[in-house]
Ligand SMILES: Cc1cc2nc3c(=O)[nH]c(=O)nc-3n(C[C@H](O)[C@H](O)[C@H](O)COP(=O)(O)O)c2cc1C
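One chain comes next, on its own, written as C-alpha cells: the form predicted on its own.
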Amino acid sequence: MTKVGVLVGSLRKESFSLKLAKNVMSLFPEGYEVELVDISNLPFYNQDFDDENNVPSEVVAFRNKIAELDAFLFVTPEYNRSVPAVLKNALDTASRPKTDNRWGKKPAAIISQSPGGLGGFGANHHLRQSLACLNVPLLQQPEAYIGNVATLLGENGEITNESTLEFLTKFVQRFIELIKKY
C-alpha cells in the first residue's frame, strides 16, 4: 500500500484548497492510502527545539508522520504571491535538523488554486523552489493551476466542471506514474 499525504495550505475549515484536496483524494485508485496531514497545530519552527533537545510533541508527531509517508500532494492557495506561512512552516519543521530531512527523495505534486484567474501561480512556483531544495522529486507536467475555483465547486464542495475533473484525473494518473518510479 502506497501512502500519500495531502497537505493543505489553508487552515480555513471551508477553504477552497481543502475542498479541492478532498475531490482529488477520491481520484486515487485502489492500492493508495491517501490521507490529510494536519499542519494546523505546528508551532513556528525554532532551531532551539533541536539544539536544546526540547522538541514539542506536535513537532515529533508531525515529523514521524512525514517519515512514514511515501509521497505528498500539496494543495494550496496563494497568499501575497507566495506560499501561506503555515505550509512553509510545515516544510521547515520536517526538514530540520538538516541531517534528518524527512521530505527528501519522496515524490510530490502541487495543485495551486485561487478564486481569481491566475490559479495561484506564485504559490505554486515558490513551493517548487522549496521542494527542490529539499530534494523532493516533483511532478513537472501537467502543472495544476486551478483558477476561478469557486465557480468549479458545487454546494457540497464537489467539482461540478467536467473538464476540470478530467484534468485532475489525468493529473493524478501522472502523479502515480512518478510515484511508481520511486
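Just so it is clear, the model here is predicted, and its values are computed rather than measured. Throughout, we count residues from 1 along the sequence that is shown.
Unshown form predicted in complex with the named molecule; subsequent notes refer to it.
Exercise. Which of these stretches, 66 to 74, 46 to 54, 31 to 39, 112 to 120, has heavy atoms within 4.5 Å of the named molecule in the predicted bound form?
Worked result: Within 4.5 Å of the partner lies stretch 112 to 120.
For this session: Consider residue 81 of the chain shown here, and say whether it contacts the named molecule in the predicted bound form, taking contact as heavy atoms within 4.5 Å.
Result: Within the cut-off, so yes.
Exercise. Within a 4.5 Å heavy atom cut-off, is residue 15 in contact with the named molecule in the predicted bound form?
Worked result: Residue 15: contacts the named molecule in the predicted bound form.
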